[in-house]
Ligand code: TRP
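Given next, in structure tokens, is a single chain: the form predicted alone.
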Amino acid sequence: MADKIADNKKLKRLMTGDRPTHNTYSIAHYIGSLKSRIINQDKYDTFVFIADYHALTTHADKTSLISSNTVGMIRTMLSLGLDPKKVVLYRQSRIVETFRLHTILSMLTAMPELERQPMLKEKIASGYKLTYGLMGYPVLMASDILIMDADLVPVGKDNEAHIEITKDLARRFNSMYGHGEDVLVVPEGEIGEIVIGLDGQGKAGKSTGGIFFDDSTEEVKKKVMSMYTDPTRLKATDPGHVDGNPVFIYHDLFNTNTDEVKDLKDRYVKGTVGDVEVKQKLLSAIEQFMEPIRQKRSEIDKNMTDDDIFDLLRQGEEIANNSAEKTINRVMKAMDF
């Protein structure tokens, strides 16, 4: 793995990360970001990081969980098919050059840019305190991306505005200090879908309902059979609405039998199929998706200790730090420091 960066930098670089606020992912997160990194790991020089400092913006009182959550998230990614021989895995907190770049970029960021961020408003509305770190979240995210010379950044649609700030900051730095050259790579975002919660309210998550990769078959069944459907449909013979219906949204995402999905939609609109049948077939589709992942996770848990996971991270951090050092050296030289 130590030679990976030399071997792969001829490829464009994909870079993405996740906050360790939970020890696994929801299947909605798979649609939003995880699927892209797995599909693209052969096409891109892929860097995936655990954003442990970002977790402090909303979970500063739960740092004791970061280590175990990190291990759980890595195990889940591996069970989904992420190959540690192809992908650089690392922890944000171990890449010190990120925070040097963060300080520099913060000097180029106007407060109104941060104040109008949709996610900031969402967090405050959810009851989180407005801290310096929460306000500056997009600048730290930009530093994570730019320090690694990322070309492509897969994120959920709720992070799209942060990608735009990253691009703006890269261009601003290059214009101010580049002397006609691009010191910082201006990345492109790959925007994933936001999947609605099982209760039909907002995006899937712990509070709005979600199916997680560590859910048992019984837990998945309970969640699917209690899913929100069409509130205007009082009995199975009533014509129903398919558009915006969470059950059919999940069918479209996870049911590979497209003929079955089309048949269910046609009958639902006509009022000739009940919610129970529609949900049972969705359950079968999700279980078909989940079962090989559960089997792979069982193998990983049997064969990899937590120390093995941290060894993977340390190897990745050596590579990531080498890359970050090259970037910060360009930055300091461009600024005449």
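This one's a predicted model, so the numbers in the text were calculated from it and none came from an experiment. We number the residues from 1 along the sequence you see.
Not pictured, yet referred to below: the form predicted together with the ligand.
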Options 46-54, 265-273, 282-290, 297-305; stretch whose heavy atom lies within 4.5 Å of the ligand in the predicted complex: 46-54
Heavy atom within 4.5 Å of the ligand in the predicted complex - residue from Ile74, Ile95, Leu105, Val153: Val153
In the predicted complex, the residue from Leu120, Met141, Ala170, Val261 that sits within 4.5 Å of the ligand by heavy atoms: Met141
Non-hydrogen atom contact Tyr137 with the ligand in the predicted complex at 4.5 angstroms: yes
Interface membership of Asn245, the ligand in the predicted complex, 4.5 Å heavy atom rule: no
Touches the ligand in the predicted complex: Glu317 (any heavy atom, 4.5 Å): no
Proximity of Met15 to the ligand in the predicted complex, heavy atoms at 4.5 Å: yes
